[in-house]
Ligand SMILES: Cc1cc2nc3c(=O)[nH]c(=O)nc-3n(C[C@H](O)[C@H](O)[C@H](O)COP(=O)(O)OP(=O)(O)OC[C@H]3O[C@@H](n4cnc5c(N)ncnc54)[C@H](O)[C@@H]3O)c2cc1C
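A lone chain, given as structure tokens: the form predicted alone.
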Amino acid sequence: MFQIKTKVIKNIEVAPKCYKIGLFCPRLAKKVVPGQFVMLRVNSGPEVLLRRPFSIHAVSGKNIEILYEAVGKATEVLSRKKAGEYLDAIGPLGNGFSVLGSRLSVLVAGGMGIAPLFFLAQALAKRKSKILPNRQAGQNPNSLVLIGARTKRQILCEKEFRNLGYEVKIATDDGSKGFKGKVTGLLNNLLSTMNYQPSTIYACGPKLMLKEITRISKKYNIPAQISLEEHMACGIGACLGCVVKTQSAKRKAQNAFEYKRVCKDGPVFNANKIIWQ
């Protein structure tokens, strides 16, 4: 972890109120792993006092990308940043995903939960290209991405995942594209008809979605890694403002639990360790 000045190289709107900002920061790009995040100071004045957490969306050479939605004061200020400006960043922070195996992995994104999963997809594709060096160019065999959104206008990164060689399936609440309903419903339907079992489910999205992912993973006995979204003040585990209830690793008593910090112990957790409220 270190504090660094990063240079904005682009900041473009990719969907209504959704932006992708590119930052030149070789040290971060070299160190960060999928699932980790940075704390950004979006301005130097009193307009926004606290840093904000942002998942790393992609890494390309010496640059990182962050995908975000302009929904509050801090992200609205961030959306106005221009190429050539600088941002103060602390990172990389948190524990990321474990990139496992060469068998089928299923990535499940709900809304802006897509943000950290593309970087994970990059890493999985790279790993599989080493394990399966004779695959055809542009193919990432046995890899599946499920994207959930309210409407087709809010679907993000579909083309980018396909360009990595992933099979992509869509779920929309209103049925305007793909499966009509929640992405968890799409996942359950797919798993019920598969004649082979995925090695891992990776997911990020709203809490209710992740709770259902946990239930589905237990139903089909498939390990799941989930990235939790929580409000964070410090990002380094000092303020204890982002704790979640988990099964205790220290005590064997029934119903024993302990609190974990999402920023420090997560944001990625094994789904079966979370005690959902």
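Bear in mind the structure is a predicted one, so any value in this text is a computation, not a measurement. Residue numbers here begin at 1 and follow the sequence given.
Separately, the form predicted together with this ligand exists; it is not shown, and the next lines address it.
Colleague: Name the stretch: of 70-78, 119-127, 143-151, 169-177, exactly one has residues whose heavy atoms fall within 4.5 Å of this ligand in the predicted complex.
Modeller: Contact criterion met by 70-78 only.
Colleague: This ligand isn't shown here, but in the predicted complex which of 89, 157, 187, 115 has a heavy atom within 4.5 Å of it?
Modeller: Only one listed residue qualifies here, and that residue is 115.
Colleague: With a cut-off of 4.5 Å between heavy atoms, is residue 53 one of the residues that contacts this ligand in the predicted complex?
Modeller: Taking the distances in the predicted complex, the answer for residue 53 is yes, it comes within 4.5 Å of this ligand.
Colleague: Applying a 4.5 Å heavy atom distance criterion, does residue 64 contact this ligand in the predicted complex?
Modeller: Heavy-atom contact with this ligand at 4.5 Å: absent for residue 64.
Colleague: Can you work out whether residue 212 and this ligand are in contact in the predicted complex, taking contact to mean some heavy atom pair no more than 4.5 Å apart?
Modeller: Residue 212: no, not in contact with this ligand in the predicted complex.
Colleague: Flag residue 224 as yes or no: does it have a non-hydrogen atom within 4.5 angstroms of any non-hydrogen atom of this ligand in the predicted complex?
Modeller: Because no heavy atom of residue 224 falls inside 4.5 Å of this ligand in the predicted complex, the answer is no.
Colleague: Quick one: which residues from 150-171 get a non-hydrogen atom within 4.5 Å of this ligand in the predicted complex?
Modeller: Nothing in the stretch sits within 4.5 Å of the partner.
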